[in-house]
Each structure stands twice: as C-alpha cells, then as structure tokens.
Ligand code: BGC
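The chain that follows stands alone, in the form predicted alone, written as structure tokens.
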C-alpha cells in the first residue's frame, strides 16, 4: 500500500512556527481574524461553489468548511483560499469520520471490546487515509466521553465505562488519525470530544444537563481527554451539555483553567454544532451577542455552524468587551494547528496517489477489528460439549432467524455518512458460503425490523427451527436506534424480538443469539432461552465473516465487555467501579420481592443496598468475555509486599492455556484502596494485557504500575497518594478472585 507524504519540507520547530503565526497575525484585519474562527457548513445543494461562498473564502471570512467530501470542490475551495485570498491561509475541511470512512469498522464501543490499542490505531489510520483522499483534513473524533448510562444514544460512539481503557484507546485513535507525521497528506487532525462530562447526561438523554462532582470529573471524565492531549491531539470540541450550571461552551474552568493552564494544551477548541447560539436556549445568555462573548472569553476558539462570532465578535471587540489580545490568542491557536498539519505546504489532494477506499487490505483490517470486538457472553456445555463453535459437518440444517441476518446497512451502525452498504458482507451471505456442500440453511426472518411488533412471521420461524439442528437468531437494534439524539428509556430488545426468541426456544432446538446493537442491552428476560450468546455490537462492513467465523470455530472469540450489561433497565446506572456504601448487598442479604412475608413491616435481613425485584449483580460484568479454550490464572505475586510511595509496583501472575486450542486472553489488573481519606471504588482497572497462548502454554505476566496508579483526588480536590493497604486482583474480568495485598508506606504525597 502506498503511503502518501507531503513534499520534502522540514517541519518548523516551535520557535519558527510561532514566528510564522505572529507574522500572519500581524498582517490580518479584524474581519480576517474572525474568519479564521468561523466554521461554515458548505452549500452542498449546489454543484460547484456558489460565487457568494467563493467570495467569502476569497475575503478570508471562512476558516473552516464542514462536510465537504467532493475532492474537486474541496481542491477548488483550497485554491481560492490559498491563491486568491490576501493572506493565502488554507482551510480546514471537517467531517465526522467516527468509525471508518468508506470502509466501516465496528462502532467505537465495539472496537473498545477488543481491548486492543494497536487494532484501534490501525482502524483510525485507515479511516484517515480514506478521508484524506477526498480532501478532508480534520475529523471530529475520537469521542472519549465515559459512558455509564446505556440509555444514552451516543454510548455507541464512546469507548466504554472505564477511564483507563478509554484513555488508552482514545490515545490510540488520535495517533491513528494524525499518523507519525501530521504533515503527511494521509494524516488528518484529530478532535477529542465532547469536553467534558457529556456522557453523564441526566437520564441518558442527549443534550441534557450533567451534574458531576469535582472529584468524579477529575477521576473519571477528564483522564481520557488528558490522554488525548498527551498523545498530541490538536483540537478539542466543547460539549453541548450544561456542566453543573454552566454549559461547557461557556465554561472557562474547563476550557482555560484545566485545558490550557493545567494541561498546557496549545491547539484550538471548537464548539459543537450551533452550541454557541444554544447558550441562549440554555438560559445562560439573552442574545447571540452575549453568547459570542461568553464562548470567546471561556476559551472556545472556533464556532461551528452558527454565526455568533461572524455577526457579533467584531462589535464586542470594538466595544472593548472582548480584548483584541483574546481574539489574537484564538486566531493563533487556529493558525498553529494549520501550520502543524502541513496545510500551507500541501493544500490539495490527488485521489490517484491514495489507495482505493474500501480495498481488500482495508476490509481485512475491518474484519479483524470486528472479530476481536465480538464478545462470547455465554456458551452452555451441559449437553457434554459447548454449543459453540458449531460443527458444520455434524449438522444437517441450520435455521437462520431474525431481522438482522441479512441487513447490510444496519450492521454498519450509527454515524456512517460516507459508508456504502452495498459493499457490506452480511452474516447470511457468509454463512451460505461456509455451509455450501456441508449443511442446509433455512431462512425465516420472523420480524421485518427489530422494532416490528407483529407476530405474523413467527409460525414460519418456529417451523424452520423445528426442522433444524440449531437456530441462529440475529437480533438486536436497528442502526437508527442508537447514535446522537437516539436515546432509549427502555434498553431491552425492541419490538417483538423477545417473544420471537421464546417461541423459537420452545421448539427445543438449541438457540444461539447473535446480537448486533449500538449499546449494551438489558437481556435478562431472554438470556435463559439461549444456549449461547455472541455480542457483536454493530460490526461494520465485514460483519458477516466476523460473525460466522467465531460461530463455526474458524476464529476463537477474544472480546471483553468495555461496559457493564445490566439485567433490566431499572438497574441503571450500574458499573463496576462503584462505591461500596455502608450497607453493601451480599447473596445472603438479598430478599426477593416474592419472598417477603405478607404484611411485613421491615426486612431485618435485607437492609442493604439492592432492588427487591432484580438480583443486585449485572447480567454480565465489565471485562467479561468467554473463549473456546480455558485459561487459568495462578501464582499472583508482588515483587515486594511493601513499597514506598513514589516507587513503581511490579505484579506477576502466571497464565495457563488449559484448553486444546490457541486463544487470546485479556488479563486485567484491578486495585482497591482499602482505607483512604475519601472512599474509593470497590475496584479500579489499572492495567491490562492481550496475551495469545498455544494449547498447554504457560506464561508469566508482568504488570508495572507507576506511582500515579494509586493516586486519587482528595478532600482538597488535589491529587494525592496516601499510605495504606491496597488489594490487587488479576483475572479475566472485574470479578477476578485471585488477590494479593500491598502495603504502601511513607508520607502522603500530593
């Protein structure tokens, strides 16, 4: 594959770059400065470029254009900006490239289930390369909001519920988009979003308010953004949401105090779509004039889509409310990124110099990403052998049932503006190829869509199951049920899918559920009807073979849940890193609603923290995922049982493949600070490793925890490490039982 690079021009060092920024700035009019701070959605109903739009570029009134994907038009816009404007400043061409461009990878939440930063980095690299071939040089990804409420539609875009996992994968995405050299023609500028706390929206509703205590903000929601900054991410996007009474778009504490003063970020901040104007809707401001003032003074450098800066910033400067020095800072931040990206030296793109989007190498990577994202949730072996993998040579007939077995568009998932469903390979197509000449396939859709409530197709599905040796049910969510503004109050299987599963299971034929969804679903009501469950999220264009190969044993599942799967919606929020409370539940303390005696006035045994109508544990825990081989953890030990604060901690554990086939295990290390000046989560993920072992192979794993792994935000809102006892676990998921104790000694370090 050819790698496209910029002409042989040395990247400027920091001093030279700042000199170029200041030289440009010194020649700019106020109107041209405001132009650099304005991102405009293109007039794409027209062919070519309307003259008024071209004239605005020519006059320097536009700094960035949104949603342009026609390379000829993009090149022409760049030509006008570079060759016909007074200062020749190129445009940033922005596009949401979320999980692929033409080649669609699994949704980000699915990619997170791979727990594989290298694979995530490669997916972003391919997406950047394909997008760059059309002239795009800026993407609004990765989304590194922590998602702990699966009702939220945008949980599909996030990287799970854990800050360490999201940090590592988010940093990998940044590195993939921006490449080894941001000036290369096949690199695009990354944008970490949504800064910050968007994933904590009340009731899981998009755009809703968020209320996040300072400690939780700093320990849970901010670390992935800090990791993105440390990885070199050049831009950040302000969240739509209101954070503790101040919308993020006007939140100086976020945009300036934390991002710039504490973290040293020197790229630029862009608003989300129309969010500057929406400050009036929040009720923070009474006019767009005031909205422009609040956003500019808070630290938002570029406005997306709305026109508050375009129409009001000049007057704010002339009135003395926004100092010209503040405008110059904003413009400098934008120019710095444009210079670093190589846009001045290489503003045009020639698609002929790029690999063809959707080529076989790209599709192979999408397949690998989807395979590693698949999570085997359960696999019954009560009959003497596990239900999966299927032995095709021992089967006469397979019933393929459900609305998602042959839906090339639905498997792509949300946020795929540039994907092409016609190049998707579906599970049914892949299964037909694999089964040809070996066993028969009978297809009975059962339901037209996942939202279909009609039972009219049930008889055909039941008859197909009765004739089959195994029934594969492809269920889940249509793509439209997740993503921005697609939130759900009830996250059980939509439509009549639960009834379909029960009807098919009643035949006695073994049932395998293949779930494609944009979020974790609450499936307690149906899990008991299935002998096996393979959770595939929305797997992208290569979902077909990526599903069928694990089903038939050509690949061994290795995915692990990046987010907890609740039993029912009412358990939300439910996540592994919760606080214990003063009355934690235990199996002995649990009292089910049907066991309460008539007229009981109190529950003397069950006065602990649980719901009466559902078991207090999730259906499947964070980090859970099964394999076709058996891994055993043993010999967990520390290099030293007592370590001085400030020193690294080395942890060792033996991992053994006791099964008869090669497999990959994600070994996970968790800690718990037993006694601290503020209560700590019952467990916190601090490291993980993907380990591939041959049958019978044993390997000693070494984890090295840096001192900051034991840090937390104290009562004074400052990060600190305290002496005391630390529990450490290593195992297959967040319920790991293999445990050792560490003593941290010395004085508290802040």
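Quantities reported herein were computed from a predicted structural model and do not represent experimental measurements. Positions refer to the first chain, counted from 1.
Beyond the structure shown, there is the form predicted together with this ligand, which is absent from this document and is the topic of what follows.
Heavy atoms of every residue among 193, 272 and 304 are located within 4.5 Å of this ligand in the model of the complex. Though this ligand is absent from this view, in the model of the complex it lies within 4.5 Å of a heavy atom of just one residue from 685, 66, 705, 69, which is 66. For the residues 92, 220, 254, 237, the 4.5 Å heavy atom test against this ligand in the model of the complex is passed only by 237. Per the 4.5 Å heavy atom criterion, this ligand in the model of the complex is contacted by stretch 193-201, the sole one of 512-520, 336-344, 193-201, 633-641. Though the partner is left out of this view, residue 484 does reach within 4.5 Å of this ligand in the model of the complex, counting heavy atoms only. For the chain shown alone, residue 670 is not a contact residue for this ligand in the model of the complex, no non-hydrogen atom being within 4.5 angstroms. In the model of the complex, this ligand sits beyond 4.5 Å of every heavy atom of residue 99.
Proximity of residue 154 to this ligand in the model of the complex falls within the 4.5 Å heavy atom cutoff. In this stretch, 109-140, the one residue having a heavy atom within 4.5 Å of this ligand in the model of the complex is 140; the partner itself is omitted from this view.
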